[in-house]
Structures are given as structure tokens and as C-alpha cells.
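Just one chain is shown here, as C-alpha cells, and it is the form predicted alone.
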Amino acid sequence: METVALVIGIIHIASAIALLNGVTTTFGQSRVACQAMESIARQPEAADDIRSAMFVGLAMCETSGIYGLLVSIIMLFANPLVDILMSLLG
């Protein structure tokens, strides 16, 4: 049983690390928006191109955060490795 408790503890730590992706995603999105506003201020005639590139970048950042959340949920609630470990231990 100690092995199972150790594995579950490590899974929780890994899940917390996966959720840190959401924190870094927030900083990345703010950086993208800041740079886009600065670029539009410098070249107002290119605002449409900059804005569409910004939205693509923000969508990619947000997708990365959602993937981190999904990986964390899978590790916590549907981890097949715990089932394998339980079957090996009997």
C-alpha cells in the first residue's frame, strides 16, 4: 500500500506541475497583447494584419493552457497507470 500512496502522491505533484502551464499561459497572452498594441501604435496602417496575427497567437496560447488542464484532469481522475500498478500488486 505504501507504493500506491507514493505513486498517487507523485501523480498529484505532476498534476500541479501541469497546471502551472495555465499560469505561464496567462503571462504569454499578456505579452502577446502588449506587443500587438505596441505594434499597432507604431504602424496603424498594419492594424488589421497585426490584429489577426494577435488573435491566432492568443488562440494558440489558450489552447496550450487547456491542454495542461486536460492532462492534469486525466492524471488525477483517469490515470491508467494506477490501475496497472494495482493489478501488479494484487
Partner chain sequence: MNLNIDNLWVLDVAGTEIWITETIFNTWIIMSIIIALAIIARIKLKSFKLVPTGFQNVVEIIVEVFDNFATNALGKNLSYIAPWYFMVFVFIFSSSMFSIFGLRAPTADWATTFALAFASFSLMIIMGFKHQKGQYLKSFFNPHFVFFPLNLIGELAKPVSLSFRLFGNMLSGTIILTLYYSLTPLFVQFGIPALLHGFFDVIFGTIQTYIFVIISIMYVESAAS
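In this text, all values refer to a predicted model and were calculated from it rather than measured experimentally. Residue numbers count along the first chain shown, from 1.
What comes next is about the form predicted together with its partner chain, which is not displayed.
Q: Is Phe27 a contact residue for its partner chain in the model of the complex, using a 4.5 Å heavy atom cut-off?
A: Contact with its partner chain, no.
Q: Heavy atom to heavy atom, is Ala47 within 4.5 Å of its partner chain in the model of the complex?
A: Heavy-atom contact with its partner chain at 4.5 Å: absent for Ala47.
Q: Examine Leu69 and determine whether its closest non-hydrogen atom to its partner chain in the model of the complex is within 4.5 angstroms.
A: Contact check for Leu69: yes, within 4.5 Å of its partner chain in the model of the complex.
Q: Counting only non-hydrogen atoms and a 4.5 angstroms cut-off, does Ser52 reach its partner chain in the model of the complex?
A: Although its partner chain is absent here, Ser52 would touch it in the model of the complex, with heavy atoms inside 4.5 Å.
Q: Heavy atom within 4.5 Å of its partner chain in the model of the complex: which residues of 46-85 qualify?
A: Ser52, Phe55, Val56, Ala59, Met60, Glu62, Thr63, Ile66, Tyr67, Leu69, Leu70, Ile73, Phe77 sit within 4.5 Å of the partner.
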